[in-house]
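In the block that follows, a single chain appears as structure tokens, in the form predicted on its own.
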């Protein structure tokens, strides 16, 4: 299965992946209009440690602890992608605590946020990958 991978040697820390991710969930055609004046809620986030920038997003684990920890069944694994059913999420945040990568986060509307590989909006390549100017984020299949 294809996954999002980050090469921290190439990451500039520009945060464009965050903006492209937030834009992907708006269903709008123009990014500037879609994101102007709003606080973005990306499913990927850039972190910096010891001068190294890297993007953190869901790894779509083969044995996802977030899915196992979800008490309502809001998180499921469908064709290798960890998906969230916001109607089932009760905001207990057990999945946030279970994720060893810190890739699941609370949202302002109650349900958790996590990367779903833009499967609901774009079917081929996640927007964070398309928007990375330095090609530090890739979407590819690798040996496990």
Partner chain sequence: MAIDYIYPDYEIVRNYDRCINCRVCERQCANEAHEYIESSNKMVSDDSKCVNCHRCVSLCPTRALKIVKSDHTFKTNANWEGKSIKEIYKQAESGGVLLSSMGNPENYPVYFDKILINASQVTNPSIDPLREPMETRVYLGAKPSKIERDENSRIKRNLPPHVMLSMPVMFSAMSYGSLSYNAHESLARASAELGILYNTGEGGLHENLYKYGKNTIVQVASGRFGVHKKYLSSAAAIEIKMGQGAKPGIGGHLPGKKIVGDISRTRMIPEGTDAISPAPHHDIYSIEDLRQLVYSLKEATRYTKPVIVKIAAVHNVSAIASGIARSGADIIAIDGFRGGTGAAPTRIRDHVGIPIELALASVDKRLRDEGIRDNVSIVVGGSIRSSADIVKAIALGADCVYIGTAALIALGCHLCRSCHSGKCNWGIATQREDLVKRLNPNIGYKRLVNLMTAWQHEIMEMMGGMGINSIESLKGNRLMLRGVGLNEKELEILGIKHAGE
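Numbering follows the first chain given and starts at 1. Note that this is a predicted model, so its numbers are computed, not measured.
Keep in mind that the form predicted together with the partner chain is not shown, yet the notes after this line are about it.
- At a distance threshold of 4.5 angstroms between non-hydrogen atoms, residue 78 is out of contact with the partner chain in the predicted complex.
- Within this chain, residue 119 is remote from the site of the partner chain in the predicted complex, having no heavy atom within 4.5 Å.
- Contact check for residue 130: every heavy atom lies farther than 4.5 Å from the partner chain in the predicted complex.
- Among heavy atoms of residue 51, some come within 4.5 Å of the partner chain in the predicted complex.
- Interface residues of 1 to 36, taken as those with a heavy atom within 4.5 Å of the partner chain in the predicted complex (partner not displayed): 8, 9, 10, 11, 12, 13, 14, 15, 16, 19, 20, 30, 31, 32, 35, 36, in sequence order.
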